[in-house]
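Heads up, the chain below is alone and in the form predicted alone; it's given as structure tokens.
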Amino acid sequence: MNISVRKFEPKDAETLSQIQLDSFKTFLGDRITEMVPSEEWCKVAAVKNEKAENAIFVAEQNGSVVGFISASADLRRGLGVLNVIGVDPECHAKGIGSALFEAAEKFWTDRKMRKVWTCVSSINPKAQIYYLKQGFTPEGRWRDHFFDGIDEILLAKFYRQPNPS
């Protein structure tokens, strides 16, 4: 299987929106009916200044986009965010998520992030396992956060150990 990862291009926006919807439906079912509008992907990808920078990476297989990851870096605080990751449900468990995370991790380490955080739905055990395999550890919980009755688990990965208090 030949997977390549590259930076987002505006032509990818509609495909990313569909992949996000399809991948989130695998655990949210009918709770989710729409995702990020196509034009929002371009706005997110365009953020780059002295305080913050965003990057979106897409995975391609045989010339088709099959996944994406959106990463942010707060350059003042050394705090990165894995905003969202999505893989076409027909392509799960084929290394695409790991290839995408590798690109995001290079983005964060090149910008000297000390910590990266994300959250994962409590009803998405596959994603929870994915994040643990990538080196994240649970740090807390947001109750009833994005959807009524569904908690979000807060996760973090340290690139530099925190200073003792």
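Because the structure is predicted, anything quoted here is derived from the model rather than measured. So that there is no doubt, residue numbering starts at 1 and follows the sequence shown.
Missing here is the form predicted together with a small molecule; even so, the following discussion is about that form.
Contact with the small molecule in the model of the complex, defined as a heavy atom within 4.5 Å, holds for exactly one of 31, 114, 106, 133, namely 133. Between 136-144, 23-31, 50-58, 37-45, the stretch whose residues reach within 4.5 angstroms of the small molecule in the model of the complex through a non-hydrogen atom is 23-31. Although the partner is absent from this view, residue 64 stays clear of the small molecule in the model of the complex, with no non-hydrogen atom inside 4.5 angstroms. Proximity of residue 87 to the small molecule in the model of the complex falls within the 4.5 Å heavy atom cutoff. Interface residue remark: residue 122 is not counted as part of the site for the small molecule in the model of the complex, having no heavy atom within 4.5 Å. By the criterion of a heavy atom within 4.5 Å, residue 77 is excluded from the residues contacting the small molecule in the model of the complex.
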